[in-house]
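A lone chain, given as structure tokens: the form predicted alone.
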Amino acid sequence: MIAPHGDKLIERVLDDNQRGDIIERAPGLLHIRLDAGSISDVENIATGVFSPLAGFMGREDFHHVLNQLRLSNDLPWTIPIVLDVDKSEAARLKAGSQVILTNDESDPVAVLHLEEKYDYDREEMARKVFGTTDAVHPGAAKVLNMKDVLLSGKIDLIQKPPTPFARFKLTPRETRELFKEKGWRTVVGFQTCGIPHLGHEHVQKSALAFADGVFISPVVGGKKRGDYRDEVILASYEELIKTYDLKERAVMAILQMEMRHAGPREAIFHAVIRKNFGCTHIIIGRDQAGVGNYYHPFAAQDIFEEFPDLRIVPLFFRSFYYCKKCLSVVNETICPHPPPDQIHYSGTEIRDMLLRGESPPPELVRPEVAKIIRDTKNPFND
């Protein structure tokens, strides 16, 4: 089986005895309240999703990631994983101390073993990660609103955050064991943030022509306004797998994480994450992890040329459409027919049809999937 990124799968979840000890000592320790995105990052560090990270990045790794797109040990890494606090909060904290990280209800989630406090330039971070400081860009806007000081240090998870989608949740350790049980030597990862259309189904089944299995990995949490609700995405994929997929060759598990919308940098990040789950290949589509017109449509594919040492194989699908003459999903390399015969897969157009109360044609979306969306009172995030 493919090795995790950095050759070591991180697992930093406290056992019952350790958990009891830290909870007993928690009232005497300083506390920091985390937002939902940071709580997801903590869990992903602790369960190995972000291997080889064992905590929030220190100054050296942070600047290497910004400038070289690698950790300070030269391992490919493209997205800073950091914890920000305001100056007054940082002033109370001392390197070498333990800090309790809590949720909005003040429940202990993890303990931070504080190693470093450091300043940073928000505009530089936004410009280098997203290629823009435009506050209209959701990722850049979030960075520009971050607090003044970054904290670094290893973390230990006290308890896994609750989720309404627990039955869809697997850790990298669990997916690796599952793939091994199934006898899968080659696994293709498929990242998704929306409902499946026939184009998505096409690329998954094309990959299965040579791979043992496909790992469908919907991102849950931190969606922007107008995105499909998580429960709609999961119900749609569950129906698709039940009705149209070979069940023994498809596994679905969520990735609890906020999308950064960092385009090409995030495509590499997605590849690293799926590698940690045990995928040998990952599907990279047109405008992967993009938003608006901030990135060239194929920037998320071209960036892989810079990472020959990534050790997960990207599968590039540049364009595809339904041809009314071929009666199938095709691309320009195998279809001779002109544009009037082509039905292109536009997530925006499908969403607009649904908002108008129309059912997308079966050449775009399976009727069973369209019905799930139509039957949901409000399928989109407000």
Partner chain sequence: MDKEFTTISIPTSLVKQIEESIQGTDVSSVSSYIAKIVREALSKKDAEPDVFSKEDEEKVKERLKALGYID
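Residue numbers count along the first chain shown, from 1. Small disclaimer: the values here were computed from a predicted structure and weren't measured.
Below, we refer to the form predicted together with the partner chain, which is not included among the displayed structures.
Between the partner chain and the residues 269, 168, 120, 228, the one pair within 4.5 Å by heavy atoms in the predicted bound form involves 168. Note on contacts: among 115, 177, 107, 212, the single residue with a heavy atom within 4.5 Å of the partner chain in the predicted bound form is 177. Segments offered: 347-355, 29-37, 330-338, 63-71. Contacting the partner chain in the predicted bound form at heavy atom distances within 4.5 Å is 63-71. Within 4.5 Å of the partner chain in the predicted bound form, a heavy atom is found for not a single one of 198, 249 and 284. In the predicted bound form, residue 305 approaches the partner chain with a heavy atom inside 4.5 Å.
Shown alone here, residue 309 lies within 4.5 Å of the partner chain in the predicted bound form, counting heavy atoms only. The closest heavy atom approach of residue 86 to the partner chain in the predicted bound form falls outside 4.5 Å. With a 4.5 Å cutoff on heavy atoms, residue 7 counts as touching the partner chain in the predicted bound form.
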